[in-house]
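Single chain ahead, written as structure tokens, the form predicted alone.
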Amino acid sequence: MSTGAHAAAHKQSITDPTAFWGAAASGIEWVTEPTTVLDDSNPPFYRWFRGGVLNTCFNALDRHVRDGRGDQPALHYDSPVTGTTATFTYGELLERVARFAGALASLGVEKGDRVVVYMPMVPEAVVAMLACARIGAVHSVVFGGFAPAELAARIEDAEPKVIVSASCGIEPSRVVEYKPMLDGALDRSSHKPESVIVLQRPQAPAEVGVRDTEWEEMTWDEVDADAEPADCVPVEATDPLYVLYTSGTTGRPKGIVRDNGGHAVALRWSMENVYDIGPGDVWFTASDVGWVVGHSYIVYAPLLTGATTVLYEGKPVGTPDASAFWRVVSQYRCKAMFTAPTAYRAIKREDSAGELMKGYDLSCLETVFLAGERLDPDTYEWATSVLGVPVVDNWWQTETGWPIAANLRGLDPMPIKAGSPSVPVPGYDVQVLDESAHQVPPGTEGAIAIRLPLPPGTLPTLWQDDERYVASYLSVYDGYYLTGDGGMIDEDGYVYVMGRTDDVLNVAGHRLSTGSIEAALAGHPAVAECAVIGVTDDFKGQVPRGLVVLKGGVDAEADGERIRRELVQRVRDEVGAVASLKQVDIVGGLPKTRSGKILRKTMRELADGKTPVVPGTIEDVSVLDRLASVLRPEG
């Protein structure tokens, strides 16, 4: 591991967290300074900055305006799907947020009340989130376009006083009407909000207030126009800022709670130390505000820092082509960008030579950060070669809210190792354990766990469900948070995340990670992306099965058989004969969530002849339909 600034910071964060995070807390402006940095009086329910009082919206907007940044751009909105752009200064964004906060207050929203935000990637989504933070309300953003059943489950659990929605979202090839899905969700839900606010978009205006409802229904303009701006409401550091739902194994979503104090301190610290972004820098995160990356690194972290954030309503390809990201970086002079590896794999598939990049001045771009799925070495090598800048993996989860492992570009840039997100971030005591909760030697795979307490900004519990929090995350290893990922730590302290522990194959008693086999497949020059699943086998227990998507221009008809043979041989050469990979299917696409995660479990269930539970987060269910004939045992 590094012997420099990172090593010193990490050691202090583990041995003296009060000193480390107490110093980091100076990056936030407090109404009342915390009396206790780490409250460890009730393990495993640790709380950060007990006694501290603050307002997250004040820290994200008001203080920057007060300190002279009122005319600096806070947010660039870029929407190739509608052909519109807009820039909001810190002063302008503050004015809009204060007014909408007043509108929410006029509808009876008070500190602690929940507001569900069901919106596309439009500035009003950011305004709604910050307006909730301003008055101490708890926002719960649900990805725009979620099906009624998924939305209803979140409404039932959060019990919002108000729902803020939009008439539609816009995809490259279609308009998605939100209002019918919202109405369907409210029909299913036993909880009814007091008010529903709808942002009308011209691509598909919604009928508002035309039916007998149990709630008040109005448009955004109606409530916003006459609202009196609201002041910031002080809240406790331990009060919730938001609840973000992640899919649960039982089908009931888990409400990840994020507090105000720890969240603000951790994200402010991460922006400069992990991502090397400071006040005035332009930062482009290509994600969605419905996901944790959007919460943390489109909205809160850049604004807490005084940077400029880019809100992009488009795709990596198809809006209009694989040059979309490069246009945004060039146009807004972005210092760094952050997205998912799957986005870069899509670009690589469409433009593997990087020809479309050549029309843009990318001299401003210093670093690319990727997270959300494992960054396979082949995608890392490709992105590094075509961009000519460091391509940095970082690993974290909805639950943690910010990176567990990263290459800290602002604190102590380290050599990059392909396939590794680098080292544990200060605050995270990352260990790899065997089934008996013993640390395994360097280079040995096991379950990745984090010794408690987790650092600030991570989940303190689940929404109104302490028991499920303990059962889901803390019950397997006493004193540890179980990440659910498997991997190893090498001799230099670099973490390698090889996949979810339920993606570990047991082939004739040998435990193999899907990640190592996927890395071998992805290295083939014809492969754009791939997935490996474990299929039940009567003789060996499980055998791996590969699914690959070929790069554009490769002829699957003419070259498919040769490519399949070469892929089987590559796995034999790089992983070993023990992998027993004999079947590789060439497919047109892989099923993914809207945030880019490949649905390996769903494919595994199909291949085992089960009826899979198709998650509501799926991007395109037709991809799964087409795979069924390939994957099913009788197919």
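From a predicted model like this one, the values you see are computed outputs, not experimental measurements. Each residue number is its position in the shown sequence, starting from 1.
As for the form predicted together with a small molecule, it is not shown, yet the points below apply to it.
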Note to self: How about G487 - does it come within 4.5 Å of the small molecule in the predicted complex, if we only consider non-hydrogen atoms?
What the structure shows: no
Next item on the list: Indicate whether the small molecule has at least one heavy atom within 4.5 Å of a heavy atom of Y242 in the predicted complex.
Entry: no
Next item on the list: Look up in the predicted complex whether E373 has a non-hydrogen atom within 4.5 angstroms of the small molecule, and give yes or no.
Entry: yes
Check: So, in the predicted complex, is T458 in contact with the small molecule at a 4.5 angstroms heavy atom limit?
Finding: no
Margin query: Can you tell me which of 199-207, 220-228, 71-79, 386-394 lies within 4.5 Å of the small molecule in the predicted complex, counting heavy atoms only?
Written below: 386-394
Item checked: The unique member of T87, T246, Q439, S106 whose heavy atoms fall within 4.5 Å of the small molecule in the predicted complex -> T246
Notebook entry, point to check: Quick one: of T398, T319, T367, N273, which gets a non-hydrogen atom within 4.5 angstroms of the small molecule in the predicted complex?
Noted result: T398
